[in-house]
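The form predicted alone is given below as one chain in structure tokens.
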Amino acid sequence: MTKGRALKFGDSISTDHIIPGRFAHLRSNLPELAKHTLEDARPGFASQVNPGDFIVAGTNFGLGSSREHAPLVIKMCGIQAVLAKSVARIFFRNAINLGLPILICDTDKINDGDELILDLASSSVKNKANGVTLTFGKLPGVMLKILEEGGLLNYIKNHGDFEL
């Protein structure tokens, strides 16, 4: 179990919100790019994150172009997981492959700044501010293994290819 603070966003946060296009030239300098994560949606976001915080969003998080850097810079900021009502499919898979948990649940009962306790094993997150425990769909075993290793590349380095 891990805990952190909720940083709340609304619906339809796109990869363009996550990495504003004017910073595309920084793709080869990820630490610098990470400083601009979500700055159009929430000015100063990267400097507001404490290691272990959560992004909490509404529907369709990560829509837009398939920018593998988008989940990576979120992770580099110190975010330990994204909780959202729904997530764009390619963003979901990119995030898992990069070691960033994406958890689909009803986020209406989470407010900005609430302290959350995440338990991946029981597929639940408890909001300490209001005592509500939310559940999310159990991640497939292969995805949990990828997350445990910090991403797909680490998994393959440590274990070789998957046996499906």
Partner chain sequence: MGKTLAEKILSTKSGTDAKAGDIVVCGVDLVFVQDTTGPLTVRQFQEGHFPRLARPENTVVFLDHASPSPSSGFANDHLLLRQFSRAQGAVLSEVGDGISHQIIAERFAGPGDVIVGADSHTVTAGALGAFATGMGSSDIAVAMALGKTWLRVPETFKVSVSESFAPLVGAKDFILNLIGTLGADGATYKSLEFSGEALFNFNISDRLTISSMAVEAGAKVGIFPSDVVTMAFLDWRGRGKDYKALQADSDAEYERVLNIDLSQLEPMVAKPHTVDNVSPAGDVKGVKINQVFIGTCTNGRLTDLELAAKLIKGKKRHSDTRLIVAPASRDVYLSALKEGYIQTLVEAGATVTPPGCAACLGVHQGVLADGENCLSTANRNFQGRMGNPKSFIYLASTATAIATAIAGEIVDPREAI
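Just so you know, these numbers come straight off a predicted model, no measurement behind them. So that the term is clear: the rigid core is the largest set of C-alpha atoms that superpose within 1.5 Å between two forms. Residue numbers count along the first chain shown, from 1.
Only in words, not in the display: the form predicted in complex with the partner chain, which the text now covers.
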Interface membership of residue 36, the partner chain in the predicted complex, 4.5 Å heavy atom rule = no
Non-hydrogen atom contact residue 128 with the partner chain in the predicted complex at 4.5 angstroms = no
Heavy atom of residue 65 within 4.5 Å of the partner chain in the predicted complex = yes
Would you check, heavy atoms only and a 4.5 Å threshold, whether residue 117 touches the partner chain in the predicted complex?
-> no
Tell me, please, which stretch of 95-103, 128-136, 109-117, 43-51 lies within 4.5 angstroms of the partner chain in the predicted complex when heavy atoms are compared?
-> 95-103
Could you tell me if all three of 24, 27 and 153 have a heavy atom no more than 4.5 Å from the partner chain in the predicted complex?
-> yes
What are the residues of 126-146, in order along the chain, with a heavy atom within 4.5 Å of the partner chain in the predicted complex?
-> 140, 142, 143, 146
Align on the rigid core first; then say whether the Cα of residue 154 has moved by at least 2 Å between the shown form and the other one.
-> yes
After fitting the rigid core, is the C-alpha of residue 33 off by 2 Å or more between the shown form and the other one?
-> no
Aligning on the rigid core, do we see the C-alpha of residue 96 shift 2 angstroms or more between the shown form and the other one?
-> no
